[in-house]
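One chain is shown next in structure tokens, namely the form predicted alone.
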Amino acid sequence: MKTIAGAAALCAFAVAGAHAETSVKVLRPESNSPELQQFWQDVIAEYEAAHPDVDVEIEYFASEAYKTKLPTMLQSDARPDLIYSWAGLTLVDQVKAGLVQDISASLDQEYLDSFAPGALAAFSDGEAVYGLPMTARLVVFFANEQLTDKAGIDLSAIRTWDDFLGAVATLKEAGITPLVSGGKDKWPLHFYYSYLVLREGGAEAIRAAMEGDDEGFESAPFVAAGQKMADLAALEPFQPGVLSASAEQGNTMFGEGKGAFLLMGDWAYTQTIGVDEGELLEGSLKILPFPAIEGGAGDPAGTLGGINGYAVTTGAPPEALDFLKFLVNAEHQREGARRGLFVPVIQGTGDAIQVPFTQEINAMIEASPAHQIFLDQYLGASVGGTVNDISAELVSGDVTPEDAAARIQEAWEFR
């Protein structure tokens, strides 16, 4: 019987039973969470026990390698059957290229109705369904209260962007690094730009830019977001060498107490920060929503994150979809929630969450009027890559807010 391979098997298929007639190949980014790997191991073992003629094989790649290698693998003879997807226009592009199949005919209405509407919509286009959502993800500010207390900062008083900039200045005066991030990978910095756009113009501004309204991505919310990010960078709030640090290194630095704030997805809680269950409310780790912008058109309760799941590739065997439906059923959604691994997307399963951290993440998502998918995925690979690039360049000072917005618009026009 198969077990999930550990870190030593990175980038290699973990092959199980020798006599299985069908293999289902799953491709996903690597997870450093032993708890998540155990969850997968348990689900696969359960499935293979009931289907001895099926082998479920998983290939892991580090996050950046996954994004760069996936297009080539989808075009090759070694095409995986199930691929991890952040949805958005990246998935749409894969559908248009004929690399992902419509699975709607194999899904009954009762099952489709069990998903939160917004979650299923991320993997659908009208009546067509190209994959199944599995988890909701949220980007938040992680805060080390021991460091903020040392600087005399009241976290509960940080409500607006100006409040946050004031906290950054106070931390600097106290000799404490305010922010840590993995700027080498760029996408951690795009969280700042994306949230600032959301606060300046709301999700409506992003939709309007995509539809070509007003000045597209050169409209006021995008330029203002770039200016605010440049103003933040001018305070030199990040650790030295921020643009040379990977996402994992940035997360690890925060876990080691080398910075007061980290803007990152909730997955960092178990995967790289390495905190114990319950410490969110009992220890020094706190989380904060991204602050509001006074005068901004965006709802301050709006959230940025992901609806992540798996798409079924063209030519995949029927067993691939069968396993995917087994993986994303109510029982496993509740179990993942109970273990604190993710916020589930099947309705009625969130009440299984027991970990205080995940409970708070779930509450923020439920209170959000709109949950915006990461812009580097939502806008498609080429435009999303440009958003990541300009986010890093706004931190380095190599681009103006106006030029940053113009580059996104140009990328959108030539996508």
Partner chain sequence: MAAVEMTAEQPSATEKLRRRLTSGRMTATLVLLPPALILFTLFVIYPLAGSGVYAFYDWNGYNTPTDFVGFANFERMAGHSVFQQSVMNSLKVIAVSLLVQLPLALLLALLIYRRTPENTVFRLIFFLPYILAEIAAGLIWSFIVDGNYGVVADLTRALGLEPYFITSDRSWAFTAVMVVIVWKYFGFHMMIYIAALQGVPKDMIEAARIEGASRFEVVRHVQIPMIKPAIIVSVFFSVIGALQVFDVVIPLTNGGPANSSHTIVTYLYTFGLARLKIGYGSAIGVTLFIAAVLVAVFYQRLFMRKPA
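Numbering follows the first chain given and starts at 1. Predicted model only: the values in this text are computed from it and were never measured.
Just so it is clear, the following notes concern the form predicted together with the partner chain, a form of the same protein that is not shown.
S.K.: Three residues, Asp93, Asp389 and Glu410; all within 4.5 Å of the partner chain in the predicted bound form via heavy atoms?
M.R.: Yes, because Asp93, Asp389 and Glu410 each have a heavy atom that approaches the partner chain to within 4.5 Å in the predicted bound form.
S.K.: To verify the annotation, which of these, Leu36, Ala381, Ala352, Ala370, has a non-hydrogen atom within 4.5 Å of the partner chain in the predicted bound form?
M.R.: None of the other options qualify; the answer is Ala381.
S.K.: Quick one: of Leu165, Ala208, Leu155, Leu243, which gets a non-hydrogen atom within 4.5 angstroms of the partner chain in the predicted bound form?
M.R.: It is Leu243 that has a heavy atom within 4.5 Å of the partner.
S.K.: Decide whether Pro356 counts as a contact residue for the partner chain in the predicted bound form under a heavy atom distance cut-off of 4.5 Å.
M.R.: Answer no; every heavy atom of Pro356 is more than 4.5 Å from the partner chain in the predicted bound form.
S.K.: Does any part of Gln75 reach within 4.5 Å of the partner chain in the predicted bound form? Heavy atoms only, please.
M.R.: Within the cut-off, so yes.
S.K.: Check Glu21 for me: does it contact the partner chain in the predicted bound form (non-hydrogen atoms, 4.5 angstroms)?
M.R.: Outside the cut-off, so no.
S.K.: Can you work out whether Ala97 and the partner chain are in contact in the predicted bound form, taking contact to mean some heavy atom pair no more than 4.5 Å apart?
M.R.: It does: once the partner chain is placed as it appears in the predicted bound form, Ala97 has a heavy atom within 4.5 Å of it.
S.K.: Could you tell me which stretch in 97-105, 221-229, 126-134, 111-119 has residues with non-hydrogen atoms within 4.5 Å of the partner chain in the predicted bound form?
M.R.: Selected stretch: 97-105.
S.K.: Suppose contact means any heavy atom within 4.5 Å; which members of 382-415 contact the partner chain in the predicted bound form?
M.R.: Heavy-atom contacts within 4.5 Å come from Ser382, Gly385, Thr386, Asp389, Glu393, Ser396, Asp398, Glu410, Phe414, Arg415.
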